[in-house]
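The chain below stands alone, shown as structure tokens; this is the form predicted alone.
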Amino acid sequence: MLEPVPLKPRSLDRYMQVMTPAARERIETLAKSLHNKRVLQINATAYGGGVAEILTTLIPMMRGIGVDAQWEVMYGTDDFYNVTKAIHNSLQGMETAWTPQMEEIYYDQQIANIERLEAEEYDFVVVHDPQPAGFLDQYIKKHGHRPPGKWIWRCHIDTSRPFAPVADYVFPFIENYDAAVFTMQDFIPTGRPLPPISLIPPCIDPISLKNLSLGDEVNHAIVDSYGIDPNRPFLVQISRFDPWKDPLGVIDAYRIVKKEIPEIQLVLAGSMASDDPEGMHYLARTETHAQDDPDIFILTNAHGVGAIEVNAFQRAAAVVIQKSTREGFGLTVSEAMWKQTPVIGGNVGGIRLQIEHEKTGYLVDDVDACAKHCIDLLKNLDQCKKMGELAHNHVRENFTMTALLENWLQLFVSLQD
């Protein structure tokens, strides 16, 4: 088998404050339809990034309602993850030097992993993103037939305008799947054969350590422990150090804000993931761009930043920024909205699902617009409060884990023979 991720069941009782009785009844009815069915979720890493974060909650919730759900992580070499990072970037539109050697590295790792996969044991197999996308193709080639269960490819990225040479290599692997799941309609590539498509946006876990209410005293103590002055306003972006997240642009926006509001500080915090070899390089670029500014704090999990610290940063911040130039969804947007902190996000991808411009936050296309809205919010506390309340309600209605659980159960039931 692949590397299993051990998780304990979680009862729906814990979500009653954010879930209606009608929603609970629907979930339990769907779960009964899946009695004795087994679900396997496969991705590339057990920590770092939104997919792992979602599965950390989704799998226990499925188990809590009686669905036999497992999560396994594929194996990969450094060379393989360098290739899949290139695939990830290319599917989001970046031109890449794609070579036969890269295809061989990717292909060999699919073969190595399929040898470990006990696919016949499961009724539903969900494969996340490009890293394990070729598993089904390799299983068919190895065994000469399809596995008995239903296979679903879950794409978490914006593939609307992919770099053609890489897309021509990857998307033929997807044709044999029984279903493909995208975050939104705009992400689906045109002119390519695809299986039946479902749209399921990611969601946050409102009762996780990252989202539970901590209290102002705790928030300020955590902020202060990192040398950030809790008595001065600060901006924060929580995300991987990645060119698509544009931390350099966030620093540029902060510098514009600082000319008008000198006391402002900036926190850039992110987790370094095992399947993202580019992360350390872009972290170094970000640190260089900060130019030793004492009011810029660049933090990672290596500094002890985890769920509680992220929670405190998002709650204590004056404004949360997610200035992505491509974004599959951006869980940090809904996390901050849940905490009633005003959010400024890039006018791209899944951020548009979460933010209604000038109502639940701001959508921006460039550094100047980001800085302008930061300044406006910092000077208008009443606006911040009103926007935060509307944002919280929007997340409650659309982007909590109970909604995600229900959507996945509905898809599984629809795929049953």
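Because the structure is a prediction, the values reported are computed rather than measured. Residue numbers run from 1 along the displayed sequence.
The discussion below concerns the form predicted together with a small molecule, not included here.
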| task | Name the stretch: of 222 to 230, 325 to 333, 117 to 125, 158 to 166, exactly one has residues whose heavy atoms fall within 4.5 Å of the small molecule in the predicted complex. | result | 325 to 333
| said: Please tell me whether any heavy atom belonging to residue 210 falls inside 4.5 Å of a heavy atom of the small molecule, as the geometry stands in the predicted complex. | reply: yes
| query | Closest heavy atom of residue 344 to the small molecule in the predicted complex, within 4.5 Å or not? | reply | no
| Does the small molecule get within 4.5 angstroms of any non-hydrogen atom of residue 388 in the predicted complex? | no
| field | Contact test in the predicted complex: residue 318 vs the small molecule, heavy atoms, 4.5 Å | value | no
| remark: From 289, 192, 258, 240: within 4.5 Å of the small molecule in the predicted complex by heavy atoms is 240
